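Encoded as structure tokens, the following chain is the form predicted on its own, with no partner shown.
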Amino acid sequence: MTEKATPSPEAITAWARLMRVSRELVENAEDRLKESGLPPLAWYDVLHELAEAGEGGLRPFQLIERTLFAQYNISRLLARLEADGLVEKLPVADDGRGQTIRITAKGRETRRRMWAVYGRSIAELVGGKLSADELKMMSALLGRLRDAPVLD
């Protein structure tokens, strides 16, 4: 791949649309959660990753890797989730300062309620506007962008 100093007009248009549509879709999903009296999407992301991890839970650094939150954001979010009884922090036996975060039954129920709204949003905002073939194509193209090497 050759480096180009300036992007093509097509690349600029694609970038702008990707950024705009991504923001609009997330904002729409957030609005639907809020209208339903549910927490923000960031809560769902963390609860989902913890539920997927199972009973062993995850260390905070693993959550950062899986969700792409900054360390200070995840610390605040975990404190809030713990205060609301949605997660629990457990000591790590071989690491005196380490913690494992595990989802609670209340956290699983909150995640389930959030998914009912969030999943419906995905179905309506994305699934209802594109065919199955278009969704596969979009997923493949976005996967290529995700897997592209980062140039220094």
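When you see a residue number, it is the position in the sequence shown, counting from 1. Given the structure is predicted, the values throughout are model-derived calculations rather than measurements.
Omitted from view is the form predicted together with the DNA, to which the following refers.
The DNA: the contacting residue among R108, R59, R120, R66 in the predicted complex [heavy atom, 4.5 Å]
By the 4.5 Å heavy-atom cutoff, the listed residue in contact is R59.
Interface residue in the predicted complex among S36, N28, Q99, T104, criterion: non-hydrogen atom within 4.5 angstroms of the DNA
By the 4.5 Å heavy-atom cutoff, the listed residue in contact is Q99.
For the three residues Y72, R76 and D94, which mark the spot I'm curious about, does each lie within 4.5 Å of the DNA in the predicted complex through at least one heavy atom?
Every listed residue reaches the DNA in the predicted complex, so yes.
is_contact(K89, the DNA) in the predicted complex, heavy atom dist at most 4.5 Å
Yes.
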